[in-house]
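First comes one chain, alone, set out as structure tokens in the form predicted alone.
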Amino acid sequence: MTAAPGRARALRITPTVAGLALLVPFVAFALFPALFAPYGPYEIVNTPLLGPSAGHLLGTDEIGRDLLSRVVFASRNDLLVSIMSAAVAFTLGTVFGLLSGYIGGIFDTVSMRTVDVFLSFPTIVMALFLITVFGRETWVQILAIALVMTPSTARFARGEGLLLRSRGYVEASKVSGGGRLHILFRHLLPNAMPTLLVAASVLASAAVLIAASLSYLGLGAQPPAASWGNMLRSAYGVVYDAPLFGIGPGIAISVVAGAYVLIGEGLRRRFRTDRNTASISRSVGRV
């Protein structure tokens, strides 16, 4: 017997729901880590490099701290960096790109050539340079990751500006005396938002990977602070003695990054945008 169509639709899990289901536990970890972690993040609780057991579900690290507790407490730093850097890059890139596409002419040419210059540098190299120069504080990481993602976001948003500037409502607003900022925030931004929200989810996914890469290279959160990247770095040093050491943080990075992409795919389907998540990822989420 087959389920009724209405019931089948109700039971269908959308990408957005799946993404939120994966992301919400990590948000809870970030907000209330002490409720989920069996030990403190700096507490030495047992022999170093123990494997998974009933008392330590992910084992212990190189000095005897509980790995599950470290993964839970690391959620706060990694989610903060990914969400804040994606938000800053999204805001700066969207406003700059939409204005460039709408205004056109010399402004657009100069803007896009400047964007091309920044895009010519590898993302990680740019982030490494900025953090090396300005320091390793969390706010520096957020700004560094945001700045390296802003050019690709601006180029993506420019395409939306070019697409929307010839629409009738934009022309009508110009004729009625609307200024550029009025047209930007009243017409361009609301109509571009469905596609741009999909891009924002890809930004957040890329930010997780960049933040983890920086921590792995020793330029993110500094020990003894917990982050998924520096835990993977520690795991690499003892890979033959404790091969399961890096499983927990590795899964955490993959799940959070994948959750952001699933949310974006769900938004794409919801708003029926004409670009798929893969193409947006190529444009915006370069890592």
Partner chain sequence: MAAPALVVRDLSVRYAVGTARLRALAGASLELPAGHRMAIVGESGSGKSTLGLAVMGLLPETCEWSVGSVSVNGVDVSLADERAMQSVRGRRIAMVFQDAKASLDPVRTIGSQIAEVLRVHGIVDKQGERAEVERLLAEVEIKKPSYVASLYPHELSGGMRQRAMIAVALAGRPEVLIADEPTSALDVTTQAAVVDLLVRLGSSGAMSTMLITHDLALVAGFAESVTVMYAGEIVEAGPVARVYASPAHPYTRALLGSIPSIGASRMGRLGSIAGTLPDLTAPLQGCAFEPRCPVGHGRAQCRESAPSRVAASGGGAVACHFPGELPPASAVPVAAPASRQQVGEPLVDVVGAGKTFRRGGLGGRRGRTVALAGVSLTVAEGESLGIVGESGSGKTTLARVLLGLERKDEGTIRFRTVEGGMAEGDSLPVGFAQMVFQDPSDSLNPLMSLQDLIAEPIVLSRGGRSSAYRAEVERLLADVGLQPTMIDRRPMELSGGQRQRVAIARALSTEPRVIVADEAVASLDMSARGQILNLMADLRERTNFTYVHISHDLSMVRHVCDRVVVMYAGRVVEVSTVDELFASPRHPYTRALISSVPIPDPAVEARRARVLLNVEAADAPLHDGGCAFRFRCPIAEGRCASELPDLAGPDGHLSACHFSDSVAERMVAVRPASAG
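If you superpose the two forms and keep the largest set of C-alpha atoms that fall within 1.5 Å, you have the rigid core. Numbering follows the first chain given and starts at 1. Values in this document were obtained by computation on a predicted structure and should not be read as measured data.
A second form of this protein, the form predicted in complex with the partner chain, is not displayed here; the remarks below concern that form.
In the predicted bound form, the partner chain lies within 4.5 Å of some heavy atom of Lys174. Interface membership of Arg76, defined by any non-hydrogen atom within 4.5 Å of the partner chain in the predicted bound form, is ruled out. Contact check for Arg180: every heavy atom lies farther than 4.5 Å from the partner chain in the predicted bound form. Taking non-hydrogen atoms only, Asn191 approaches the partner chain to within 4.5 angstroms in the predicted bound form. Comparing 68-76, 160-168, 81-89, 95-103 against the partner chain in the predicted bound form, the single stretch with non-hydrogen atoms within 4.5 angstroms of it is 160-168. Once you line up the core between this form and the one not shown, the Cα of Gly168 ends up 2 Å or more from where it was.
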